[in-house]
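Consider the single chain below, provided in structure tokens and representing the form predicted alone.
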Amino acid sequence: MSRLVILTLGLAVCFFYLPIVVLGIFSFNAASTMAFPLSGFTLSWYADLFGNEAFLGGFVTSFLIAQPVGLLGALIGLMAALAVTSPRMRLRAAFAILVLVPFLVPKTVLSIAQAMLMSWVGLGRGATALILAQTLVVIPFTTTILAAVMVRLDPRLEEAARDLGATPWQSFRRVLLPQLSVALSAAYSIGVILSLADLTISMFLAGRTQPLSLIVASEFRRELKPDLNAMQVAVLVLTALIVALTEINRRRRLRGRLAHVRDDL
């Protein structure tokens, strides 16, 4: 690997992760001003954070909204991936482009359009509208994850199940779905993470619902307080925990499959 590549990689890592490191450092700084040199080590900002009813309420709200977003995103993404990877479907390329449109359209434009649509159908701003809107944004990601796995699966397994008398539903449930369990878990996790990180859609569609992202943005506009650093570190830890649990689940299932193959041999 050339020095230029190493230097470029190092700069990219610093650009993406150095602000997070600085954020974590100042969340333990005893001073209320965020400046070097540090004044000492403290956990008081975390104590204030977990005693903040607004933060706890926003966190619970965001978590409850993220669950149906993850589930709906994985379910609809599964159906879209089945259509995209099906050799019998016509205009697959056009359908794939249609699925990716929410990712390509700027979020502000998409949020305004969604707010207008929700108003037109009589669905006011709130948790339900927010779940539906965030699910639409999540679908391109979940579809991509599941389709990437499906194209690598051996279609002869389903054909063999059909030859042995299985119905289409039985072959899907007993042959295809078990092979997609890890991908479905990853799609669900991506949906939850994207929902927790969303701000733009929440600004237009949350209404009286107050997810954590809106609370953080509101506090940030008023005053840059040290407990905001602790809040962001807590959210980052939660996100890392979701990713770690997904990876642990993936490796556990992979070990189970390898053990099953060894037993068959």
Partner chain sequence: MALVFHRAQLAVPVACMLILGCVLPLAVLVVFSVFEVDLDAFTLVPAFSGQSWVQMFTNPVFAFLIGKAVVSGAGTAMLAGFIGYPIAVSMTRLPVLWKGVGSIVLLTPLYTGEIVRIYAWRVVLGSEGLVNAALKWFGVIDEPLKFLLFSPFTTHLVLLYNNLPFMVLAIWISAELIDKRLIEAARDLGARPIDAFFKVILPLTTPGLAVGVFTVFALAAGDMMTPSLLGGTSGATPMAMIDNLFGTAFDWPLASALSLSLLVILFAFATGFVTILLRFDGARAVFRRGAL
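Positions refer to the first chain, counted from 1. Whichever C-alpha set is largest while still superposing within 1.5 Å between the two forms counts as the rigid core. Keep in mind that this is a model prediction, so the values were computed, not measured.
The form predicted together with its partner chain is left out here; the points below concern that form.
Mapping the unseen interface onto this chain, P106 counts among the residues with a heavy atom inside 4.5 Å of its partner chain in the predicted complex. A residue is said to contact a partner when one of its heavy atoms sits within 4.5 Å of a partner heavy atom; S185 fails this definition for its partner chain in the predicted complex, lying far away. Though the partner is left out of this view, A127 does not reach within 4.5 Å of its partner chain in the predicted complex, counting heavy atoms only.
Among residues of the shown chain, F220 is one whose heavy atoms approach its partner chain to within 4.5 Å in the predicted complex. For the options T200, N52, T42, Q210, the one in contact with its partner chain in the predicted complex, meaning a heavy atom within 4.5 Å, is T200.
Residues F95, L98, V99, V101, P102, F103, L104, V105, P106, K107, T108, V109, L110, I112, A113, Q114 of 90-114 are found to place at least one heavy atom within 4.5 Å of its partner chain in the predicted complex. With the core held fixed, A12 shows a CA shift of 2 Å or greater between the shown form and the other one.
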